[in-house]
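Before any questions on binding or motion, here is one chain by itself as C-alpha cells, the form predicted on its own.
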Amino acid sequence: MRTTSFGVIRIATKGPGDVSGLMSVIDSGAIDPASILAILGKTEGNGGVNDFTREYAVAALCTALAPHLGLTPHEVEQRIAFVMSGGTEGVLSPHITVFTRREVGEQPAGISGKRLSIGMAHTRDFLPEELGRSAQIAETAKAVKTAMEDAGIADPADVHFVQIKCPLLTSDRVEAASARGNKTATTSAYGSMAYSRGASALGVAVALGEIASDIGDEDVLRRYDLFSKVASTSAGIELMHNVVIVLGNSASSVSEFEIGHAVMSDAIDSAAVIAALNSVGLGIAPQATAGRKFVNIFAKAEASPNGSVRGLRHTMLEDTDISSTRHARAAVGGLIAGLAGTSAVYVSGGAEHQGPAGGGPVAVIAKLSN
C-alpha cells in the first residue's frame, strides 16, 4: 500500500537571510520541520563565483531550523538538501520552495495514478581535476540512479526534473591540483562553473538513457548535441560534491501534487512553457483549471552559443558589462513569469547540456484537489 506523501510550498523572501516566511509556516503547523527534505531557492546575488548570497541563505536557513530539529546548523545542512540559485534579474522574485516527505498511515481516499515523488543522493567529493570530466559524469549518473530508487521511480520516463548543485574551481583548488602534477579542465573559476554544470547534466543523461555512456572529457562543452531533457544544474563555491534531487511521478506516492515537463528549444519558446503547464492540467495565467492549482515552475536558461535566436543576432555573449547568464535569466524569467502569472519562478542560468543549445528544460508542479 502506498504510504509516502510529498508536499511542496513556495515562500517569498525579503532577502537571502530572511527566514521569517518559513518560520511562520512552521509555527502555523502547515509544515513539520522534521519532514523537510529539500529547499530550492532563488537569491538576489550575481549568480557568479563570488555570489555569497547562496551560502548566506543556506546558513540562515540552517541556523533557523536547527532548534526545531535538535541539531547543529552543520547537521541540518547534512540532513536537508539545499540548492540556492543566485540571480533574480528582471522580474524574477527571490523565494524558496520547500519540499517535504512524510509517511502516512493509510492511503487517502481519492488518490490514484502516479503522484509527485522526490529522491535524493550525494556523490563523493571530487578532486579539482575531476570537475568537468568523466569522473564527474560517471559519479553523477550513479547518484541519479540512487535518487530514483529513493523516490520509488523505476521508469526514466517518470523523471521530470533533476536538480543538481555542483562545485566550481577556485584559484586554491586549481593550485592544489597543480601541486599534485594534475591539470584542471580550466584555470578560470567562472569558466569552471560551465564545465561542472555540463558534466553533471551529461551524468543525468547517461543515467536516464538519454545518451550513451561512452562519452569522455572531450565531449563536455563541445558536443552540444548531447544533452538531458530534464537536467538542471547549478554550480556553487560552497561544496566539492554533487547534491542530486530527482523529481518525478511515482505510483508509490500519495502526494497531492503532480509534476510534468517540456523542453524549450530556445529562449523565446513560449509554446514549450505552455506545454509544460498543460502537462499537469494547467493553462496560462490566469489559471482557472478546476481541481488544479499552480505551485511553481522550474527552468534553465542560457544565451544561445551560436549567437542567434531563430536566425536573428543576439548580443548577450558580447556584453562585457553584464554576464550572458544574467541576460538569459532575465529574458526567460520574463517570458515564464508572464505565462505563469507570477514572478516568483525558479529560473537558473547556464544550461550547458541541459536541453538543446540555447534552450533548456522547464518543469511545472501543480496541486490537485484529490
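In this text, residue numbers run from 1 along the sequence as written. Computed from a prediction, not measured in an experiment: that's the story for all the values here.
A second form of this protein, the form predicted together with a further copy of the same chain, is not displayed here; the remarks below concern that form.
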a further copy of the same chain in the predicted complex has a heavy atom of only one listed residue within 4.5 Å, and of 275, 240, 138, 285 that residue is 285
Considering non-hydrogen atoms and a 4.5 Å limit, which listed residue (191, 156, 281, 90) is close to a further copy of the same chain in the predicted complex?
90
From the candidate stretches 128-136, 200-208, 157-165, 92-100, select the single one in contact with a further copy of the same chain in the predicted complex, where contact means a heavy atom within 4.5 Å.
92-100
Is it true that 56, 270 and 334 each have at least one non-hydrogen atom within 4.5 Å of a further copy of the same chain in the predicted complex?
yes
Is residue 35 close enough to touch a further copy of the same chain in the predicted complex, meaning at least one heavy atom pair within 4.5 Å?
no
Contact label in the predicted complex: residue 322 to a further copy of the same chain, heavy atom within 4.5 Å:
yes
With the partner left out here, check for me: in the predicted complex, does some heavy atom of residue 316 sit within 4.5 Å of a further copy of the same chain?
yes
Would residue 341 sit within 4.5 Å of a further copy of the same chain in the predicted complex, counting heavy atoms only?
yes
